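Only one chain is given next, in structure tokens, and it is the form predicted on its own.
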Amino acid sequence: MNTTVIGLGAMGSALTTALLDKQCAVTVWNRSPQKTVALVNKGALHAEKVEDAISASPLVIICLLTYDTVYEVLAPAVQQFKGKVIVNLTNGTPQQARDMGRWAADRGAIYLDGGIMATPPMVGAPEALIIYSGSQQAFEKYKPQLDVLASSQYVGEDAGLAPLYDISLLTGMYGMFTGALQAMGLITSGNISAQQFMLLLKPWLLAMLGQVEIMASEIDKGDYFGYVSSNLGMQAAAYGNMIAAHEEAGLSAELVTPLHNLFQLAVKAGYSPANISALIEVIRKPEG
């Protein structure tokens, strides 16, 4: 089946290339027409107007910078929406996805929102993942095309679920990145190479993934006082040394300070004897 791709930045171009590589018929449109040239040379069809791009295919994949841009770009083409399946792979919040789903439905379109868990070079590879939410019927009908882009996982009818998963997964990723960067900043202050440090950091982080799974179980149960090997109060007392060590090295402690504040709130709330998973309670209720 024909597919339209709107938005040809690095990710949109990668999505289009993946479809073309599987001999799919693809119509492309971009506000800067020069970005279509390389894809047209690979076999894509260039639509002069966004209205023509929407009309060309039953499946329309959108990958732009923001949801505001999506509204702006699609506004001239709402008369072409009826019966179209719009798959929005633009990064956004759960509420933005729900609002856009209603907006598209009010104009006759069927809506899927998606969270891309991949970088552009990963698109089309087995390790790439795109999470979808919205119309299950549309997802199942077009899954063959969607699977060309990445492994496809459907998470529910609520259009906001895909961005909820997306942002939650990215939160975990950025937490790992920032922790690793802060750790490398500290270790290199002692004239130790970051690569040498990775020989210890990587297995340490992999070992701690087991603790993350235990935390997930405790959070779902709401029980933070089971088997406690290292209580939150003790960790809160020791955590100040992390900030002091960075300051002694002349480094910014900006990335590690917020967790110290959460520790103090948790202690104040009576969670000193608990596991570190109890921090979820002050994350949920930051005002105490």
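The first residue of the shown sequence is 1; numbering continues from there. Note that this is a predicted model, so its numbers are computed, not measured.
What comes next is about the form predicted in complex with a small molecule, which does not appear here.
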Exercise for review: Decide whether residue 110 counts as a contact residue for the small molecule in the predicted bound form under a heavy atom distance cut-off of 4.5 Å.
Suggested key: no
Check your understanding: Is there any non-hydrogen atom of residue 148 lying within 4.5 Å of the small molecule in the predicted bound form?
Key -> no
Check your understanding: Quick one: is residue 119 in contact with the small molecule in the predicted bound form, heavy atoms, 4.5 Å cut-off?
Key -> yes
Check your understanding: Is residue 135 a contact residue for the small molecule in the predicted bound form, using a 4.5 Å heavy atom cut-off?
Key -> no
Exercise for review: Have a look at 52-60, 38-46, 24-32, 216-224 and name the one stretch with heavy atoms inside 4.5 Å of the small molecule in the predicted bound form.
Suggested key: 24-32
Review point. Only one of 238, 228, 65, 245 has a non-hydrogen atom within 4.5 angstroms of the small molecule in the predicted bound form; which is it?
Key: 65
Review point. Just one of 99, 158, 72, 140 has a heavy atom within 4.5 angstroms of the small molecule in the predicted bound form, so which one?
Key: 72
